[in-house]
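Given next, in C-alpha cells, is a single chain: the form predicted alone.
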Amino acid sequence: MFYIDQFVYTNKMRNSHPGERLAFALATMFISVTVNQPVVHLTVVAIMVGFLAFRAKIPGYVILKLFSVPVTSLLVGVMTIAVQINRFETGMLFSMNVGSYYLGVTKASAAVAVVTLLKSLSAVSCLYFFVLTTPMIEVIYTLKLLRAPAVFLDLMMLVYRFIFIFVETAFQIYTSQSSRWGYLGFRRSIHSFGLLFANLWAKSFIKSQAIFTSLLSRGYEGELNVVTPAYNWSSSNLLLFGFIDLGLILMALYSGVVM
C-alpha cells in the first residue's frame, strides 16, 4: 500500500456515497476553471482544504506535502506567462535589458499569471478532495454507476495494481543494492541505478504474468467483478455541497464575472 493510501482508506468521509464526492468535486472544478475571479479560486481552495483537514481528518502535513508538488511546477509555468519580451520598456513594472530587447513583467501579464496560478490551484484542490477521500475501489464503483465500459474499468484496476508491483520491485532491488554498498559514491550509484532499471522491467513483467495466471485460475473471463458495499445517498451532504456551489456561483456573479 502506498503511503498516501493509508490516509485515503481511513478518512472519515468514506461512509458517504462516493458519487456525492465526485459530483461535488466536478461541479466545483467546473466553476473554478470557468471564472476568472481570484476570490472564488481562493475560496475553493479553502473549502477543499477545510473538508480534507476537518471532515476527512487527513493530517495537515500530508495536505501540505501534496500541494507542494503542483505549486512548484505551477510557479515555474506561470513565470513564462508573466515574463514578456518587448522592444520597448514602456508599461513594464520592472524589466531587464537583454541586447536590443527588454525582459520584464507588465501589469496585464502579472494579472494573467496570478489568475492562472489560482485557477490551477483551485482545480487541483478539487481533484485532491476526491482522490484523498475516495479509494480506487470506490472510484471504480462510481464509474460503474456512470455506465463506463467494463474494459476501461478493468484496465484502471490492473494498471493501479501493476503500479504497486512496479514500486515494490524497485524498492526490493534498491534495498538489496544498498545493503551491498551499491550507492556508495557517484559512479557506483550511477552503475547501480542502471542495473536497477535494467532488471526492474523484467522482474515486473514476471510478476504481472503471475498475477494474470492467478486471475485465470480463479475463473477470469475478461471482466473483474469486485464486491462493493451498498452506499446510500445523503440528503444532508447533497444540500451542503449544492449550497456551497450555489454560493460560489453567486460570489462569481456578484464579482462581475460572466459565467
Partner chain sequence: MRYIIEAAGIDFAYMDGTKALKSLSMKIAGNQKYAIVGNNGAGKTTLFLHFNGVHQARQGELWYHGEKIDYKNSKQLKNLRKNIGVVFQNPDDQLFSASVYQDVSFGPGNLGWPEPVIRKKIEEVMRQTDTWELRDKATHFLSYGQKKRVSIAGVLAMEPEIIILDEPTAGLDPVCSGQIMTLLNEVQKKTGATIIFSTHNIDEAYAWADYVFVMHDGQIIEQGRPEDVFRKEDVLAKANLVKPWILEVCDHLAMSGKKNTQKSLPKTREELMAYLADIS
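Numbering follows the first chain given and starts at 1. Only the largest set of C-alpha atoms that superpose within 1.5 Å between the two forms is called the rigid core. These numbers were taken from a predicted model, which means no experiment stands behind them.
One more form of this protein, predicted together with its partner chain, exists but is not displayed; see below.
Exercise. Could you work out which of Ile137, Ile173, Val131, Val115 is the residue within 4.5 angstroms of its partner chain in the predicted complex, going by heavy atoms?
Key: Contact residue from the list: Ile137.
Quiz prompt | The single option of Leu216, Ala202, Leu64, Val69 touching its partner chain in the predicted complex, heavy atom within 4.5 Å | solution = Contact residue from the list: Leu216.
Quiz item: Using heavy atoms and a 4.5 Å limit, would one call His191 a contact residue for its partner chain in the predicted complex?
Solution: Looking in the predicted complex, residue contacts with its partner chain do not include His191, since no heavy atom lies within 4.5 Å.
Self-check item: Any non-hydrogen atom of Trp181 within 4.5 angstroms of its partner chain in the predicted complex
Solution: Answer no; every heavy atom of Trp181 is more than 4.5 Å from its partner chain in the predicted complex.
Exercise. Please run the contact check for Ala148 against its partner chain in the predicted complex: heavy atoms, 4.5 angstroms, yes or no?
Key: Looking in the predicted complex, residue contacts with its partner chain do not include Ala148, since no heavy atom lies within 4.5 Å.
Quiz prompt | Any non-hydrogen atom of Ile211 within 4.5 angstroms of its partner chain in the predicted complex | solution = Yes - in the predicted complex, heavy atoms of Ile211 and its partner chain come within 4.5 Å of each other.
Exercise. Tell me the stretch among 181-189, 161-169, 104-112, 121-129 that has any heavy atom within 4.5 angstroms of its partner chain in the predicted complex.
Key: This holds for exactly one stretch, 161-169.
Practice problem: Could you tell me whether the Cα atom of Ile163 shifts by at least 2 Å between the shown form and the other one after core superposition? | Solution: Passes the 2 Å threshold, so yes.
Quiz prompt | Threshold 2 Å Cα movement between the shown form and the other one at Gln172, rigid core reference | solution = Passes the 2 Å threshold, so yes.
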